[in-house]
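In the structure tokens that follow, the same protein chain appears in two forms, which are kept apart as structure 1 and structure 2.
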Structure 1
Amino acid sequence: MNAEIIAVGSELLLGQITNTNAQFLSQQLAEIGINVYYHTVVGDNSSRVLDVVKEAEKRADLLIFTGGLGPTKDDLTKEAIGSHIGRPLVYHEEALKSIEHYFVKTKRPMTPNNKKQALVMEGSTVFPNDHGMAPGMMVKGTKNFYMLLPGPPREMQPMFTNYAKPALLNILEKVEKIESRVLRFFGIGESALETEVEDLLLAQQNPTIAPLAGDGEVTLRITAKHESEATALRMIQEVEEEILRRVGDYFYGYNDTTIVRELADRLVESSQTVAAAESLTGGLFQSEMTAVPGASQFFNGGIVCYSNRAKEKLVQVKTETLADHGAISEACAIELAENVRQLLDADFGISFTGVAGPDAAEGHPSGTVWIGLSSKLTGSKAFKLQLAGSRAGIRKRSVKYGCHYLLVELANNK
């Protein structure tokens, strides 16, 4: 079964609210093997709603509508759908009694238009609204199923979970599980990663592989569908192993994790600590570290040393180093990392120095970054980057690169 999710509401098109309903429904439908290929948003206009419905009927078995079931004149979803498929609206007595009881309980007068919320399409399966007034419903047309749900997520989500989802399971001939796993990579660009797995992308059927890039990272989502959850997971595992055989050096974690979270976990597992000296990142690395619960287990502390004077006074960088090499240099990055490690008694010291932009500094263009890394066991080194983008983007990616270099160091010294 294929589904299309249609959100009705001009407020969505105006950007006044976010369409979180579509995300929730897509996740829920995937669990029972219903494919979602389109999300559509349409305003409160009968003719435009019908235009959308006619297109959706051509490409989906199940049309799920959210919104437009309320008491006002612009709430027109069930009127439009009922007219389109020849189903008159009738009062649902239980829903009407529930609405009347609400107004008695709250000691408020019930205006006539509130009765409208108790109208349902004749012959439909009605879903009670345990957290609001308007019931939901599902009805079979000539070829398609039509499901109507309220717009507020606090009403829609429990209605779908408790009533609509079981109703869908009853009409499915078989339940196929859709399982997904996201592989996260850092230190390799989207085009480079895609080149390494191009033959897998070209040959994909089931499982499918979808690349996505953002914030200096690349992800690959592997999705498999099968009646057996165990079989779907095995299919994913086989594809994952082949991908990691090719680009595993850049892999750092799964699904919704972050590179900061993974670094924190690896440091805790190895019972090691890190300290930071930050110039161009201005404390961003320290902020990311301490945002992780339990940061005191792996993060000893840090120093923001933006000016050269601060580098000398707070992190004890030699005056000669700054005079001979400058602050934006391999020598300075290494000295910062070594000194902050010793000053704060950590297993690792990391430093960030460079030009976040937009202007050049010390003759170096914007995006020139040095990251120093000092270890009690393996000594010190520095990595040079030439990043592009905004000032904020350069600072953010510098922190991610720092986490990446630390993860590699930890992996090499297990």
Structure 2
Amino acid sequence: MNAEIIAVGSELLLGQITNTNAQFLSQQLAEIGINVYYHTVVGDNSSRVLDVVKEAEKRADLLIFTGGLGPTKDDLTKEAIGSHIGRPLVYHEEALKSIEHYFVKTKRPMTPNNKKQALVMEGSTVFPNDHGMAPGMMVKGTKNFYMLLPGPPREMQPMFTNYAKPALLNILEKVEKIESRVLRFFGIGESALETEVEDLLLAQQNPTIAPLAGDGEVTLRITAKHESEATALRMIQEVEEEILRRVGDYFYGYNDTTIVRELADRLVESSQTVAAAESLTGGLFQSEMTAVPGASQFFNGGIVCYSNRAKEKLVQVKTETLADHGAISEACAIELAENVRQLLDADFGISFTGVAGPDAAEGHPSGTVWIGLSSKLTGSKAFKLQLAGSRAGIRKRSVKYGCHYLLVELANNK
């Protein structure tokens, strides 16, 4: 079975929003073995929607529409499809009740056009909308399946996961399972990593191995197809083991994890805590650590010492250190990390000092970064980086390097 994802909405063609729905659905469909050959975006215009539908019917078994199920006149997806495949629209009782309930709950008057959202194509499987008003639906025409989903991602994503995906699995007769796993690496460049696994990349067929680089990280996606899920997973496992045998030192996690999340997990597992003093990263490390729920278990707090005054006053960096070595120095990085660790009685102290750019500072070019690491058990050290790129990129990658060094420290002292 193969699918085409069709987004209906002029706001996409005007560039007001990005079509993240296509990405989400593509990932989800790949997981259950449905190939996606095309994405299409079309405006809120009946005749153009119909043209797109006719084209898609020729090249896809399943047409998945997002958007155009709302209350306004612009919302025309189900009207267009329903009339095209000869399915009249009928009121869906449950959906109507749930819309009325929504207005009672929010104490707002229900305008008549909202009732339109409860209309569904006759004979379709209806998907409840747990995060909005317009239900989704799926129906079989003479040759194709038509699935209609709402446009807002916060409504569409849970509807697809909870209702539409199970409905699809029901109609898939013999499923060739596609299993996929992403290995995430940090601290090694894309070309260096590719060189290490070049023979595997050249020989790949099933499983396939796809490298992707971005934000200072490299990932390898291993994808295996087999009728048996267990076999597909075993095929992935074998390739993974061979890859990690070669470049395992740079591996930090699977799939959608982040290096911050992995660091948080390792700290919680070992019941250790960290405190931070940030100059060039200006709070970004701490902001990412505290973005993890339950951060108080592993993060004690810290200081954003963007100015030298803050370094001296809040982190007690010695005036001589700043005078003799400058703020962008090994000595300063180490003092910051040690002092903030002690101030907040943490197991680890980490510090970031350097030049985020765009301008040079203290005679150092943009991208010069010192990361200090202080451990209650093993003492202190500092790492120097010379990064390229934008201010935002330098800050982001500095934070990732900090997480990487701390992860290595944790692994070495297990």
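Source: prediction; values computed, not measured. Only the largest set of C-alpha atoms that superpose within 1.5 Å between the two forms is called the rigid core. All residue numbers here refer to structure 1's sequence, counted from 1.
Shown as structure 1 is the form predicted alone, with the alternative form given as structure 2. The rigid-core alignment places the CA of residue 161 2 Å or more apart between the two structures.
With the core superposed, residue 25 shows a C-alpha displacement of at least 2 Å between the two structures. If you fit the rigid core between the two structures, you'll see the Cα of residue 294 move by less than 2 angstroms. On rigid-core superposition between the two structures, the C-alpha of residue 35 is found to move 3.6 angstrom.
The rigid core superposition between the two structures gives a CA shift for residue 12 of 4.4 Å.
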